[in-house]
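The chain below stands alone and is given as structure tokens, in the form predicted on its own.
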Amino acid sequence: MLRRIHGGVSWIDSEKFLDFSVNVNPFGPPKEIVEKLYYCINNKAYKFYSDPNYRLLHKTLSEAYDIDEKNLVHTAGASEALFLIIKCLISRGFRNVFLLSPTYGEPEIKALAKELGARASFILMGEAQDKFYIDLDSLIDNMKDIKNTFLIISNPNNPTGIYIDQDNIKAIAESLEGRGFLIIDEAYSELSRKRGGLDLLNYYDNLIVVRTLTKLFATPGLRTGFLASRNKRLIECLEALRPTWNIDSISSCVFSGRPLRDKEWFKKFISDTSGKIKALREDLENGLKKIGFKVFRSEANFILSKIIINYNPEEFYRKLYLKNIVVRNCDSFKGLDPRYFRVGVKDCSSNKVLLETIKEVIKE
């Protein structure tokens, strides 16, 4: 039986725990999104089927992200987007799946590939003193001469937080031209202040970009996202595989029209949020370093750290939990072990509580 591991504690315990295991916008949903949610509920959107073609949502996402409507497929978050892509490509004969690891969704993707008669292989990133990195030549060489293949990367990478710049993205996409696809999961792009792969869509037929609204708006319960590609045949395949009502009527209502169609509001919200997160992340990184942990440089709204002091990792997580603090033990990621843990950046006071609690645990 496949065991799925993910950050986030139950909503039942949300008042009791400070949950650093989940990576969403630490400032919560903006008031404009909350107001739209109440509007949708008050107008009883839940009593009706969603538009099976999601015309207003489709147009909204196209305008908000400046993507041609014909190049976009709406999905129930990034996870469904990745699964649709994998199913489509494998069904069309692309049976060699590569993942740049450690990365999100490794067990699920491996299991899905196996069930569909394909094989998933992992290319591990290197670990330096203060960050993870990719060896571009080695990465390309691993897939050299292999036909009918595709590579999945997350950028910024979850859980390491590294950002792969556009020059490297171009080099990888070009190395796969004529024999494979590059899929980029950009779930944390808006929170990172970095340029994403959407800028490159018009240059590569073999590039697929995945985005989700759940991280940016801190609404993981409203499963909404999209994938984008200029490859017409691929889009047709993905649209055929997409379930008719893959996004519920409440989520569709919330993210259709305003506030997302207000481009000035959307742009400012992303800029303000990512700027605040950068400052909070840097403070939290410094705090973890002072305690004695190895901290890896991150460009996202989370930090990967490593226990290098003489302390049992399982005892560390257990004692934190007893003090109502949850972090993400990263031993389920390829190449990592229980010494590695990930924390989502929260507001200043919550981050302070985390650091003080860790100090207490270490002293005990």
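This is a predicted model, so every value here is computed, not measured. For every residue, the number given is its place in the sequence shown, counted from 1.
Keep in mind that the form predicted in complex with a small molecule is missing from the display, and what follows is about it.
Put simply, Ala78 is close to the small molecule in the model of the complex: some heavy atom of it is within 4.5 Å. Heavy atoms of Thr160 never reach within 4.5 Å of the small molecule in the model of the complex, leaving it off the interface. Looking at Val209, you'd find every heavy atom of it more than 4.5 angstroms from the small molecule in the model of the complex.
The small molecule in the model of the complex is approached by Arg223, whose closest heavy atom lies within 4.5 angstroms of it. Only one listed stretch (281 to 289, 168 to 176, 213 to 221, 244 to 252) carries heavy atoms within 4.5 Å of the small molecule in the model of the complex, and that stretch is 213 to 221. Residue-level contacts in the model of the complex: of Phe293, Phe98, Tyr104, Tyr204, one residue has a heavy atom within 4.5 Å of the small molecule, and it is Tyr104.
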